Ligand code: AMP
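Given next, in C-alpha cells, is a single chain: the form predicted on its own.
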Amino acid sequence: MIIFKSINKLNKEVNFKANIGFVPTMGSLHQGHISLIKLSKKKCEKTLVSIFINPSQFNKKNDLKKYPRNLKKDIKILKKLNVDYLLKPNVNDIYKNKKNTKIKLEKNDKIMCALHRPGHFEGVLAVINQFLQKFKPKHIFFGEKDYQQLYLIKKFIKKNYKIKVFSCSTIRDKNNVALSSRNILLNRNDINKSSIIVSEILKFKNKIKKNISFTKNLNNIKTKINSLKNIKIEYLEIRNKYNLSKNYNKNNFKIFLAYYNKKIRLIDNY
C-alpha cells in the first residue's frame, strides 16, 4: 500500500484514467468501512481510501476534538485488505482555495440531520467536491447508515460529475446496533440501550408494513424510547426512501432516527 500525504503527489503517481474506486473515510475504521473497501476491490482494478477528519462538517469544536482517531490501527486494517493507496491529507491540502468550498443545500433538503446540524451536509459536500475536483476516480463508495448523506451526495454527484456512486447496506453488531466510529465512546450498558431502541423501531416498522395507519403511533414510540435512561431523541421521522419526502406508503417508507445516548449522537435508519 502506498501512502500519500498530499493530493499533488497522489496525482503524480496514480493514473486516474484507470478503473479506480474511492472510499472516503474519517478513519477509526470498522466493518462498515471494510464492506465498502471490499466492494471497491470487487468492482475496481485499484482502490484508494482517504482518511481525513473534515472540520467543516462539525457543528461543535468539542465534537471534532473528541472524534475517535486511531491511524496506526487503520493502516494495519488497510494493509491487511490489500488496499492500493491511502490518502492522508491535511486541512490546507483540501481547503487551499476557499472560494470553491461553499456548497448550498436546496430548501427541501434542509430536513432531519440537515435541520438539526446546520452546515453539516454543506461541509460533507464541500469536502467531497474538493476531492473530486482534484482527482477523478471512476467509482465512489458510501454506506447506507448515513442515508441522508448518501442521498445528498448522489444528487450532488449526478449534477456535477460523471462518477458512479455505490452504496453498501448498514453493517450491524451482534446487538443489531449500526456500526459507527462513535460507538467506541459507549460502554456495554449504553450499547444495550441502543439495542433496545433498534428492537422497538423494528417492531414498529413491521406493524406499519401490515397496516400503514400504524404510523399514527409514532409519538408513542418516541415516548417509549425517551423513557430509557440517558437517551434523548433528536428526531424520529417516517419518509419516502427514494426522495425523503413525507409522501410515502407501506412499500416505500423508511424510518429515520437521530438520538443521544448519554452525550454521544447516533443515527440510524430502518
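In this text, residue numbers run from 1 along the sequence as written. Small disclaimer: the values here were computed from a predicted structure and weren't measured.
One more form of this protein should be noted, the form predicted in complex with the named molecule, which is absent from this view; the next part is about it.
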Candidate site 95, 129 and 137: all three near the named molecule in the predicted complex by heavy atom within 4.5 Å: no
Exercise: residue 33 in contact with the named molecule in the predicted complex, heavy atom 4.5 Å: yes
Distance check, residue 141 to the named molecule in the predicted complex, heavy atom within 4.5 Å: yes
Heavy atom of residue 148 within 4.5 Å of the named molecule in the predicted complex: no
The named molecule contact at residue 68 in the predicted complex, heavy atom, 4.5 Å: no
Contacting member of 26, 39, 225, 201, with respect to the named molecule in the predicted complex [4.5 Å, heavy atom]: 26
Partner-contacting position among 175, 169, 133, 82 - heavy atom within 4.5 Å of the named molecule in the predicted complex: 169
